[in-house]
Ligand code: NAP
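Let's start with one chain on its own, the form predicted alone, as structure tokens.
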């Protein structure tokens, strides 16, 4: 089968320069569902990282010399293989990251669509001709041909929660624009991510154009981030790691999607019947393990008195359990992650919050939890939990709601619920975040929308066209006539 080498949990391999090579040191990949060993990833050394990046360097210029049409056709072949193998990949993805199976299947097919749309939009990216003589009459004899060229080797680092989609959102634009890619998947999620790599290679991607780096972040991370042959870094992960990358990467372009503390502001005239399903889905989908999850509700005036009972009622119906049963809340990615979320809940309870949960914790599985009367002295008010817990903070007026939302170190997304369009737009203009959702939950996508953050939530813009632009640089060729 196409993926036997990746799945084999006893004959460990390292994947470098388009070939599987035996290695002695590996990291076992355990399922968050039941602890079963699914396979393993090589713990690469710094020397092996150098070898992988050297392969990317050697392959990049020949790849860039291919036409955009040729590069795009290879990516489309990879997308077709991804679709054809979607059920098998989704099955492994469910086991590896404990996301509900329906969402895993959607992630795979959505990724194939993303690659196809990337190729289509990439073909529409054309250069331009800039005439002289506009600012200075004496420059009429000059004409600039402005084109887009690759950076070289792009380092793409993807997270555990969307190991296929967020990997492809970095890899496909970079490859289409003529770069080679050194790809570092999150260790948990790496088995699934390598299925994407294999599909692209089977689609005709030349050896060395896409190389994989696996291993402990503390070992390979600082080395690859500061590697002199890396020309651009595209990273999705925690704000703490992102800050280290920014400090240690030198003067190269960065595209980073980092943490969030996305608020849902509930105005006094909000349609609560409409708002509640969005809040529930936004806060508890995939157990809240999304940077774009609703991570706090800011209720204006007496809105919370009406909203909290409705949230409690809706939470009682949230399906919880085995990801293959397609529940909304599934086990968290690790015991460490679950312990952290539990510590935030315990801190809020100890400091006076009213805590409502739909069940008791079972290992990595935390039941949906609502914390009312949360105050700013509680860690849950400002820290990102990445779990199924929703704090409710109460404020007296809209101005206070905006001020509270903006006091966060993060600025990824926000939601505002209300009926008065003028007020909604006014609040949206005041909020310091990359995306403001009016009467809808915070979420990434569709993939052609711009995706960005302010403050400690990121650098640069993602989304198909924006990723293509970020993966290439302008080059101006000036023609002197006469």
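The shown structure was predicted, so the numbers you read here are calculated from the model rather than taken from an experiment. Residue numbers count along the first chain shown, from 1.
Keep in mind that the form predicted together with the named molecule is missing from the display, and what follows is about it.
Among 330, 180, 158, 369, the residue placing a heavy atom within 4.5 Å of the named molecule in the predicted bound form is 158. Note on the partner interface in the predicted bound form: the residue among 373, 244, 382, 227 having a heavy atom within 4.5 angstroms of the named molecule is 244.
Stretch-level contact analysis of 351-359, 213-221, 392-400, 373-381 against the named molecule in the predicted bound form, using heavy atoms and a 4.5 Å limit, identifies 213-221. With a 4.5 Å cutoff on heavy atoms, residue 154 does not count as touching the named molecule in the predicted bound form; it lies far away. Residue 441 falls outside the set of residues with a heavy atom inside 4.5 Å of the named molecule in the predicted bound form. In the predicted bound form, none of the heavy atoms of residue 96 sits within 4.5 Å of a heavy atom of the named molecule. The shortest heavy atom separation between residue 451 and the named molecule in the predicted bound form is within 4.5 Å.
Taking the named molecule as positioned in the predicted bound form, the residues of 252-284 that bring a heavy atom within 4.5 Å of it are, in sequence order, 257, 258, 259, 260.
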